[in-house]
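Read the single chain below, which is given as structure tokens and is the form predicted on its own.
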Amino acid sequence: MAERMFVQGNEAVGWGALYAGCDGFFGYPITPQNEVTQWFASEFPKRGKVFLQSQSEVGSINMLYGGAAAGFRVMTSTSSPGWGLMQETISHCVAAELPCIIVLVQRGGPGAGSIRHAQMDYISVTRGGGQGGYKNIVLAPASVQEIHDLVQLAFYLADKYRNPTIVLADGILGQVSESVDVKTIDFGPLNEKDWALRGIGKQKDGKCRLINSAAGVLPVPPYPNYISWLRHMDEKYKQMEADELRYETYKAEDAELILIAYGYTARVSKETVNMARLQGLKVGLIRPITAWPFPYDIIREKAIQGCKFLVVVDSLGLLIEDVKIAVESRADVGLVSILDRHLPTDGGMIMPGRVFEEVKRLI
């Protein structure tokens, strides 16, 4: 039975993690996601779960490595500068095949940028920000309910593939408050974590385990050499792409112009579609729910049908690169960006009226 709550997006991270069976949270305060850390500090200790404020984001991600290696469901959250600091160990988590969750509440950049909302980490998130060209599933919620739900899905996918999973939000979604049905979501059975470092006495076969993030330096079974391990990773990434793609379409069936957006700008875009339809304009929306894997095929199909595209993203572009890859030069791709905010400050945001202006210009 679900419990109905009115909560903030950043708080929904905590409720989703709790109902997913998260064992521990390690994090460091950074705007605009401080309410996430505050929620875990308040709720986890009294429930017998682990909360630890680390000395830095570098400390947080390395604590995740240890907790995941021991077989626990663990997570952290951060914002853009902290995300940058975590990259090396995220790469090692991928190499060691350690399931963990990183919630990234984006803010402006580059550098310290601003402490307010933006969507400026798309490339580093979807391309594997650290060394080695790895892949992480990236879930991009567009509502507080979806934050709660996708955090739970993230834990399931992390365990399914033994891989970090990213939940990609932004400062606006983190601060928005909405009604949420809080409950445990059953995504199906998972394999037992018989690879985890629990100590010989707790292993059913009485044998020790080894976690290794340097397969080419220290080959261990079942991968006798570096290339055999890379082949395994490649097969895993291909399975993710085949089985975990998620996206939403909205009034796209007969659309002549399709908006592409994720996160808060997807909500702005959906309102723009409604405004356009009221004036008889055939406009639709494709919203990536997984920023990786990305919905290339549906966008390519619409391009072949003759659709135009308008990317709406609170950055200098970033998302537009994936859309251009999908359309393969078959269609025009416009852009509404951070330069189109309603105010020329870090407090401005992209509004439906500005997007609608560009829609009318393109049509």
Partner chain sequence: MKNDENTRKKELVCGNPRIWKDPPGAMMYCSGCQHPVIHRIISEVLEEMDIYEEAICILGVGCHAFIQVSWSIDTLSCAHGRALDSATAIKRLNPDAIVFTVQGDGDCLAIGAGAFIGAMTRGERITTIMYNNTNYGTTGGQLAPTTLIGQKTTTTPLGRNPKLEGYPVRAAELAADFEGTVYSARGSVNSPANYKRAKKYIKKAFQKQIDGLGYSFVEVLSACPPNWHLSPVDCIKRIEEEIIPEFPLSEIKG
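Keep in mind that what you see is a predicted model, and the values were worked out from it rather than measured. Positions refer to the first chain, counted from 1.
What comes next is about the form predicted in complex with its partner chain, which does not appear here.
- Exactly one listed residue, out of Gln87, Gln145, Asn212, Gln175, brings a non-hydrogen atom to within 4.5 Å of its partner chain in the predicted complex: Asn212.
- For the options Ser114, Gln203, Asn274, Thr249, the residue carrying a heavy atom within 4.5 angstroms of its partner chain in the predicted complex is Gln203.
- Taking the partner from elsewhere, every residue among Gln55, Asn62 and Gly199 has a non-hydrogen atom within 4.5 angstroms of its partner chain in the predicted complex.
- Proximity of Cys208 to its partner chain in the predicted complex falls within the 4.5 Å heavy atom cutoff.
- Its partner chain in the predicted complex comes within 4.5 Å of no heavy atom belonging to Pro352.
- Its partner chain is not drawn, but in the predicted complex it has a heavy atom within 4.5 Å of Phe26.
- Taking the partner from elsewhere, Pro295 is found to have every heavy atom lying beyond 4.5 Å of its partner chain in the predicted complex.
- Of the candidate stretches 67-75, 256-264, 286-294, 176-184, only 67-75 has residues with heavy atoms within 4.5 Å of its partner chain in the predicted complex.
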